[in-house]
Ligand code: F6P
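In structure tokens, the next block holds one chain alone, the form predicted on its own.
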């Protein structure tokens, strides 16, 4: 029997535990011996690796986060620690790796493969949805639903008190979460890093809306924009003349009960990852496109900047 291991690297997402469950079950179905690597590349270096079976994944499909932990490893950037990691895999005769992570995780894998020929398949896993080559990353749907629930609750108090609310989502340099949230929540203002903006260009239009009966505003912004949430809130009070509050959603966006869609995508991603490794895809990332699941090279995924859907961007409310 061949041995295969899985690890999580970088930020956790809801959907990782369903992926771990299917990884164990599908590996055993394919006559493979599955292993968990705990705490990402750190665990790979520290030999925190265990053989697992059905009992190890019982009851985890509905849990957010990841049972096996995750980490960002600076040590794995060093060749001497990658050699230690390879030795640990050799002791257990593990020939294949599945990694749930993002760009940085995949770059580390690519170097590891070139140095030691450890076969791998990466599964895009980040709520930022900012990995090139895939239209969807594991965890995004759960994050969007968590944000939706928060925004709907905020709207209740915004309308009750005639306030503007500035809601900040995660996203680093990618505005996907803010963009989709703004469109699906009916927000009056959406600011993302991908689009240059001038707050003053909204001033006249928003004042007219208030004269015509608007009682509140929802502004959804990405954490990566030039202005802080507090600055935008002050702008609403000083320029638009409406009381304003800030709500920074933070890490609640990463956690929570995985949605049905993320559970299904976890199932599909893992199935394609294991099948790919068994069929000669030795150093790839499994990506989901509008057409189907496809295997893409590391270079294609990490060396090209991710861009948002132009059709979605065109739907953002612009000043009159």
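Numbering follows the first chain given and starts at 1. Quick caveat: nothing in here was measured; it's all calculated off a predicted structure.
The form predicted in complex with the named molecule exists for this protein as well; it is not shown, and the discussion that follows is about that form.
In the predicted bound form, at least one heavy atom of residue 223 sits within 4.5 Å of the named molecule. Proximity of residue 127 to the named molecule in the predicted bound form: non-hydrogen atoms within 4.5 Å are present. For residue 254, a non-hydrogen atom is located within 4.5 Å of the named molecule in the predicted bound form, even though that partner is not displayed. Within 4.5 Å of some heavy atom of the named molecule in the predicted bound form lies at least one heavy atom of residue 172.
With the partner omitted here, the residue from 239, 148, 215, 72 that has a non-hydrogen atom within 4.5 angstroms of the named molecule in the predicted bound form is 72. Residues of just one listed stretch (127-135, 103-111, 178-186, 73-81) have heavy atoms within 4.5 Å of the named molecule in the predicted bound form: 127-135.
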